[in-house]
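Consider the single chain below, provided in structure tokens and representing the form predicted alone.
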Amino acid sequence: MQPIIDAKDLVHEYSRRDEEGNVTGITRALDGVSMQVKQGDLIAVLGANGSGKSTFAKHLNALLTPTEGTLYVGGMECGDHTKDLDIRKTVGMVFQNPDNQIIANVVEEDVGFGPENIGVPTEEIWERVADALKTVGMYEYRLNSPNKLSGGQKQRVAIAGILAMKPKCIILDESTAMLDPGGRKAVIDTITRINKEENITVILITHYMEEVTGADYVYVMDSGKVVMEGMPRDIFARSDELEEFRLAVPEAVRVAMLLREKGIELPKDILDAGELVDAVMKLQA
């Protein structure tokens, strides 16, 4: 089966210019990134600020064009601008600040804005709006003003707006960065459920390590390159390397690491607090 995302040796360069428009330097934000994503996968792309992960995300939605290399989204080549609209129908993007995506004064009207713009018939729009709001748990707020919602609720409305366009893939580009821990958990739980129940591919761009424990596969980026990749359990077992790339491991992983340093024999691939407690209880049995 053809992957929904197929990046090979992807390069993106930004030119710096002076006041007269002359090029004064070039920054390579992506440097040979290769990645394949199958339909229905939940993929996490981790990286500290400046790692290139958000630049990569913008390529997947045809917001940026590769400088070198190839990128196919749903079998369509990014860079062929005649395909930009079709690519954006295939891949929906949820950004960091939901206020930048919410434009209407009523929740249900905002969710219906995207389908209306791509020519969905009116009757079907309202069916899609209702379904999308129910999926993210925001149907009871459909007549509310977005301004009265919490940050986490706004982000779920933004996700509903993407869902209503029926994409095959959703990208969350640091979409929980402005939320408190409760809001982050609600958004991640929602998007994980959508991935499993709707078979929608999810690409989670983040620097919050605890968000990626449920991912099918993890890529770690630094300085525009993929520097680590593997299953979450394998990645977290390499906590020393992660810290070299300015990524803090989840608290449960750190505690397990400290306990091992004290001579307590615990597995190296502990993912969360529940697994840590289970491992400690087994030692006492």
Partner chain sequence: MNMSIRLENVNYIYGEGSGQEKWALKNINLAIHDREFIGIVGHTGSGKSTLTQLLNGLEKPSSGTIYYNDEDIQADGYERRKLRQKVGLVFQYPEHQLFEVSVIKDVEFGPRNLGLSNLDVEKRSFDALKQVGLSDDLLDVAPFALSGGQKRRVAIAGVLAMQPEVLILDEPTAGLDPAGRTEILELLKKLHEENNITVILVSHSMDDVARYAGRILVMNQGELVLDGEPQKVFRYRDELRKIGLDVPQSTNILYELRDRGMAVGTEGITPEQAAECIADSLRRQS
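It should be emphasised that the depicted structure is a prediction, and the values quoted were computed from it without experimental measurement. Residue numbers count along the first chain shown, from 1.
One more form of this protein, predicted together with the partner chain, exists but is not displayed; see below.
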item: 4.5 Å heavy atom contact with the partner chain in the predicted complex for all of 49, 251 and 281; value: yes
item: Partner-proximal stretch of 24-32, 224-232, 240-248, 37-45 relative to the partner chain in the predicted complex, 4.5 angstroms, heavy atom; value: 240-248
item: The partner chain contact in the predicted complex: residue 131, any heavy atom under 4.5 Å; value: no
item: Distance check, residue 76 to the partner chain in the predicted complex, heavy atom within 4.5 Å; value: no
item: Non-hydrogen atom contact residue 273 with the partner chain in the predicted complex at 4.5 angstroms; value: yes
item: Contact of residue 198 with the partner chain in the predicted complex (heavy atom, 4.5 Å); value: no
item: Residues of 199-221 having any heavy atom within 4.5 Å of the partner chain in the predicted complex, listed in sequence order; value: 207, 208, 210
